[in-house]
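The chain below stands alone and is given in structure tokens; this is the form predicted on its own.
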Amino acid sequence: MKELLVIILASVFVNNYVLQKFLGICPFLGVSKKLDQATGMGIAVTFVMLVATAVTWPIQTYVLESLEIEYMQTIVFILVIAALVQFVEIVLKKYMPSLHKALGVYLPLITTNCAVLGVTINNVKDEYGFAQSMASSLGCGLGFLLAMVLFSGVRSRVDNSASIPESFKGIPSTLLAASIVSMAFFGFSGVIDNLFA
């Protein structure tokens, strides 16, 4: 249990896929203007990460490795993730149409979100068992959600600031704010090791 907690906390804070590994930047920058959209995207990505791991880990372990076709991993994982995103899109469209409309074009982009693919591949690369892989995916999804929510707040403050020069408004100020939030997460390096030592 302690090992799973360490994996989750490390994935959220120390190895944050957006702020430390710089994966999943497209939805991070694109859907972080409003808190409700950022939260919805974070929850959707977390769900896709968990389900993708639950599906890809057995495929990797019992199909690809047993047939000795591990070189097909990336293609198979992308196909699984694409199918899962289509499922999430159908569910959101039916049960949460306002969130589906708010996420717009960014919802299908979860298919190409390298953070989702990165989690599934890194779980295999790190030789995690099923429970460890699920804990890692949960932590990575919660880290993505945390990054989206924090950056949404920072971005709204920056966008509403009257003291920003006209040439610096928009993308330049957004990228600078993202770099500041990212640097703040570098302060968590080593904390998990010391906490559970």
Partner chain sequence: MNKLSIMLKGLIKENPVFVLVLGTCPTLAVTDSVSRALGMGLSAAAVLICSNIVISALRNIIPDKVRIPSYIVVIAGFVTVIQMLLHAYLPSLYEALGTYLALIVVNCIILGRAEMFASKHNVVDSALDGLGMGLGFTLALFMMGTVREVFGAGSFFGYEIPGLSHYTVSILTQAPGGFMVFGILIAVVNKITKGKALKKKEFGCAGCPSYAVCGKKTETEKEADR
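Numbering follows the first chain given and starts at 1. On a predicted model such as this, the values are computed, not experimentally measured, just so you know. If you superpose the two forms and keep the largest set of C-alpha atoms that fall within 1.5 Å, you have the rigid core.
One more form of this protein exists, namely the form predicted in complex with its partner chain; it is left out here, but the text below deals with it.
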Note: exactly one of 85, 117, 124, 92 sits with a heavy atom within 4.5 Å of its partner chain in the model of the complex, namely 117
Residue 22, heavy atom within 4.5 angstroms of its partner chain in the model of the complex = yes
Examine residue 166 and determine whether its closest non-hydrogen atom to its partner chain in the model of the complex is within 4.5 angstroms.
-> yes
Would residue 153 count as a contact of its partner chain in the model of the complex, using a 4.5 angstroms cut-off between non-hydrogen atoms?
-> no
Close approach of residue 171 to its partner chain in the model of the complex, 4.5 Å, heavy atom = yes
Looking at its partner chain in the model of the complex, do all three of 18, 179 and 183 come within 4.5 Å of it through at least one heavy atom?
-> yes
Residues from 76-93 in contact with its partner chain (non-hydrogen atom within 4.5 Å) in the model of the complex = 78, 79, 89
Tell me, please, whether between this form and the one not shown the C-alpha of residue 169 is shifted by 2 Å or more, with the rigid core used for superposition.
-> yes
Core-aligned C-alpha movement of residue 90 between this form and the one not shown reaching 2 Å = yes
